[in-house]
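Encoded as structure tokens, the following chain is the form predicted on its own, with no partner shown.
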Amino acid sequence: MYDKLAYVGEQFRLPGKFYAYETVKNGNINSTYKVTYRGDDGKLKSYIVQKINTNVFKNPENIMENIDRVTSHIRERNPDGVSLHFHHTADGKNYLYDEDHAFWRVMNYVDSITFDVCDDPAVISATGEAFGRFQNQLSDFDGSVLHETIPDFHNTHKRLDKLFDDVAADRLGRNDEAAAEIETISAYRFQAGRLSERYANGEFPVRVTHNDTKSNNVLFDRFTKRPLVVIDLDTVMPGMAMYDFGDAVRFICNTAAEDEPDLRRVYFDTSKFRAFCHGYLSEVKDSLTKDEIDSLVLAAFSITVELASRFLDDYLTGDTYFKVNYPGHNLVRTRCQLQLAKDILRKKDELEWIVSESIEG
């Protein structure tokens, strides 16, 4: 691997002499390495080198074109801040195919920490601030020029249509085991799909969306715990800003794991929602439309139902998409997300009041 990484660094024209590398174990899709070079002045400088999993990302060149456009725009808007920078080869590309047709990229290394799970309100608020700043820095960017690298990724209406097509087929005879979950999603179907229908009708702006707004996709300063930069831009594409917000709070405010079998442990934590909401809206309240802000809570509900429908659809069709650890794992995941969606609905008025409070504050 030393020779391969040295070759990749040479193609990306990294200055100095290749000094060392280590494997970065965060993430389950791409192969990631921290490589270090010694400059002519003796100082060490590190970079992140990644080999992209092209079995997952079928159109990596489109992904890198999206990333190049977005990161360039952010650097223009915020030239003195911390930002991601992807290096280019001599022919001006921010990616490389090696002799084995493996796909590589190189970006700047940011000394930082991340949080997979966090209960600290200050860090949760800072996470909201980071994703709000990301959205705000791209508020004047035309999201429609980006490639839709995963078509209909968050088209809840179409996701639900597919689920009920598979329910009607019942090819594996699993409907009876999931009868209660099918009934619940059917009851939620219109309400959960409404935002994606309105987006398709042009009622919301086409925004740049991150589509994986988990807390561990924000780099924080080691000492101050202030947010530095949003990372993992592989799923950046056009979409609704509210769904980035909704997916973030769906993940952060769940009091249990996504596959918690004991539903008594699953509820939506309003104190975490308040912390994230305050941070997010402090950055983005002036660049979102009133309709977008008014739809934030519904987006959290909708995307939670959408994920439940994806888990259930995978269960009904043979568990071929999500990795499962035991029979019925996807059904357990479905139940957990539906319990969370139910609690969001129950607390809807309180959550909308928190949104209003955050706007005013």
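We number the residues from 1 along the sequence you see. Whichever C-alpha set is largest while still superposing within 1.5 Å between the two forms counts as the rigid core. Small disclaimer: the values here were computed from a predicted structure and weren't measured.
The same protein has a further form, the form predicted in complex with a small molecule, not shown here; the description that follows concerns it.
A heavy atom within 4.5 Å of the small molecule in the predicted complex is found for one listed residue only; from D247, E129, D166, E181, this is D247. Checked against the small molecule in the predicted complex, the candidates D142, D152, E258, D170 yield a single residue with a heavy atom inside 4.5 Å, and that residue is E258. With the small molecule left out of view, the stretch that reaches within 4.5 Å of it through heavy atoms in the predicted complex is, among 64 to 72, 321 to 329, 288 to 296, 33 to 41, 321 to 329. A residue is said to contact a partner when one of its heavy atoms sits within 4.5 Å of a partner heavy atom; D212 meets this definition for the small molecule in the predicted complex. Contact annotation for I48: none of its heavy atoms lies within 4.5 Å of the small molecule in the predicted complex. By the criterion of a heavy atom within 4.5 Å, Q137 is excluded from the residues contacting the small molecule in the predicted complex. For the chain shown alone, Y315 is not a contact residue for the small molecule in the predicted complex, no non-hydrogen atom being within 4.5 angstroms.
Taken together, the three residues G193, F268 and R335 all stay farther than 4.5 Å from the small molecule in the predicted complex, as judged by their closest heavy atom. With the core held fixed, the Cα of F301 is displaced between this form and the one not shown by less than 2 Å. D116: CA moves 2 Å or more between this form and the one not shown after rigid-core fitting. Shown in the overlay between this form and the one not shown, fitted on the rigid core, is a CA shift at R105 of 2 Å or greater.
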